[in-house]
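A lone chain, given as structure tokens: the form predicted on its own.
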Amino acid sequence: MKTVRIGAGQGFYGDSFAPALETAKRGHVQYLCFDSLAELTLAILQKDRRRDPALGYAKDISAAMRELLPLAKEKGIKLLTNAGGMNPLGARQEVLRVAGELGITGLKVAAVSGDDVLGQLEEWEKGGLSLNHMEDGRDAGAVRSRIVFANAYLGAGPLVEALRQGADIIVTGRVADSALFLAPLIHEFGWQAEDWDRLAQGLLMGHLMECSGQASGGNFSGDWQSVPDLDAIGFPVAEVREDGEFVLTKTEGTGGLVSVETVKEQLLYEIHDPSAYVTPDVVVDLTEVRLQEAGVNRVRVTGARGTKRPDTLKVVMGYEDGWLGQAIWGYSWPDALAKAKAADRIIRIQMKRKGLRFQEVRTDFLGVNSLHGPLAKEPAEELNEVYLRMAVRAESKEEADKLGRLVPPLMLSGPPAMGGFLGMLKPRELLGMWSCLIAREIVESKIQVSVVEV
């Protein structure tokens, strides 16, 4: 039975490309898929695009392509990435530029666009479409005037079309993470739009691969100390059969661990309803999935079931949501936590006295409750040191900057002995996130797939 080998190349913007290079060199893969985007990443890329309209894509695509294009050319590996972010055409142009610098020719580079729907929002509203929040029904009018980007989650279809047109490199904007991995299977095996169970298996494979090292021993909350050689971790590789069954493994000789436990943890990642994991391509039932050890660093995955894909696509919008001001400073033993709490109390009293009306004020005591929040327990022993991070959300940059004027006087007029003051960190603009559902045919009618050759 025909099989396809697909490698995970990246799990987020800024991830290491070293494991992808190892996979490209020694992993015997036909495809490498790079997931660069999270909803937070869209906000980061939007800020880049506002500074320079030519940007808006993941800038590490330049370094990645410089390393990988020669291998892709030599070994015939196809590269799929959503590093296009807010500007897939700009990202494609950067790929072409790098290829030109390297003297590489004979590769076809595709760009998938149409996920950016910001320019269509007004038309949709006039046509009676609702942009109200998909989870709680909140009226979009509260944020409509402040929306600065809007992107739909596309499925695998446009990527399959790019592969059909002979693309060797595919650059997209916001597609569902798992769609990057599913597209090669649809293309290679000729799976049809209603092969729900096979699509579900392919989608599950993509879900297990999309977070790079998280399925091969990284970020593992089990016996993490026994995971070998995390300094040279290998990203997962999937061997997928035409019937959808697959084995998850990694490139031989790399660090990390592929086991039932590491795969199971990724399986449950970001899954709200395991009986109905909704994606643009298929709704997946994970309740009968079986994981079986199939050798050293090999796990066989079966049992995913699929039902009809949704009639709507998720649209994620970012809106202006004020400014963040923050400062970080610390106190040492004795009474480190008591000193930090006193400093927090002093600053809050002074805020009231000066009439500072921040929309939100938050204090985290690093090493005590900054990760566990309200679930944190008071430490049983005296701590050597405690840092506090104080943050405010304000309506303007100028208001956010006022926090910084309250902190320095604590050096001589607060609890003893203030240390490690990092200063007032530069205020930065905040973007809130808003999601709604739009009929898929409305979005998909605007999708464009273009292929050029270098």
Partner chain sequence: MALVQLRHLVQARSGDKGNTVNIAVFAPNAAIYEALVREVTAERVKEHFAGWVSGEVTRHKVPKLLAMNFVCRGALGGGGSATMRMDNLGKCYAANFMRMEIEIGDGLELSQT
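The structure presented is a predicted model; accordingly, all values stated were derived computationally and were not measured. Positions refer to the first chain, counted from 1.
The same protein has a further form, the form predicted in complex with its partner chain, not shown here; the description that follows concerns it.
- At the 4.5 Å threshold, heavy atoms of D168 stay clear of its partner chain in the predicted complex, well away from it.
- Contact between E123 and its partner chain in the predicted complex is not found at the 4.5 Å heavy atom cutoff.
- Its partner chain is not drawn, but in the predicted complex it has no heavy atom within 4.5 Å of G114.
- Contact check for F220: a non-hydrogen atom falls within 4.5 Å of its partner chain in the predicted complex.
- Using a 4.5 angstroms heavy atom cutoff to its partner chain in the predicted complex, none of I61, K108 and V299 count as contacting.
- Proximity to its partner chain in the predicted complex, taken as a non-hydrogen atom within 4.5 angstroms, holds for one residue of E242, E252, D229, E288, which is E288.
- Interface residue among A54, L422, L40, M411, judged by heavy atoms within 4.5 Å of its partner chain in the predicted complex: L40.
- Heavy atoms within 4.5 Å of its partner chain in the predicted complex map, among the stretches 140 to 148, 93 to 101, 333 to 341, 316 to 324, onto 316 to 324 alone.
- Residues of 119 to 135 that come within 4.5 Å of its partner chain in the predicted complex, judged by any heavy atom, reduce to E135 alone.
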